[in-house]
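First comes one chain, alone, set out as structure tokens in the form predicted alone.
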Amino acid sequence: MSPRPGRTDVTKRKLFDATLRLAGTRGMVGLTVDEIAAEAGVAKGTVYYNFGSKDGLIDALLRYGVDLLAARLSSADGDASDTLSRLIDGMLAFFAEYPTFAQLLVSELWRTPGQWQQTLSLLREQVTSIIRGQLQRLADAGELPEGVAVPTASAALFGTVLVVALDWQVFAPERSQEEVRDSVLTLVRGLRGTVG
């Protein structure tokens, strides 16, 4: 008999949340399955049953987080004039809600070679392809300067907002999301006038 899907999802969510809480205070490297299970209030065997190992849990956590982010970015459809604002807002809101996930992405994305490099490369592509699609719409509508390479602009926007979101959370938490978004938009739009 297999476990009920709802119960399994709740257990996985508890394990994801526990892992993020612990990673936020201690980092990922030193975490043990025992600590994660205790923080989640489940038996150690539950981690192995659901994920096979700590690495399996982290891999699934990364995929889960990026799926949540991708869902937010996919909802940025609408008028071309608001696309950048909606993309930036979606990323900032996600990273404000999951600041430890943002820290994990920054620390693991550019670690060479990283333990989860293959998974992160796929996940980065998933997120940047959504941004790329939205920016391509802008390019097709003539809203981007001539010569802007959409793939590079997509990666740049993702990286910029990821780092700005962490900076906001750590060094300027008193600023509103709107202030941070508007600062990024001013930067992006300001560069439009000087590009070329």
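This structure is a prediction, so every number in the text was calculated from the model and none was measured. Quick note: we count residues from 1 along the sequence shown, nothing fancier.
Just so it is clear, the following notes concern the form predicted together with the DNA, a form of the same protein that is not shown.
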### Contact assignment for the DNA in the model of the complex, among Val33, Val163, Ala141, Ala155, heavy atom within 4.5 Å
Val33
### Task
Please state whether every one of the three residues Gln118, Arg124 and Gly159 places a non-hydrogen atom within 4.5 angstroms of the DNA in the model of the complex.
no
### Task
State yes or no: in the model of the complex, is some non-hydrogen atom of Lys44 no more than 4.5 angstroms from a non-hydrogen atom of the DNA?
yes
### Message
in the model of the complex, is there a heavy atom of the DNA that lies within 4.5 Å of any heavy atom of Ser129, even though the partner is absent here?
### Response
no
### Distance check, Asn50 to the DNA in the model of the complex, heavy atom within 4.5 Å
yes
### Message
Only one of 143-151, 36-44, 65-73, 167-175 has heavy atoms within 4.5 Å of the DNA in the model of the complex; I'd like to know which.
### Response
36-44
### Message
If you apply a 4.5 angstroms heavy atom cut-off, which residues in 9-27 are near the DNA in the model of the complex?
### Response
Thr11
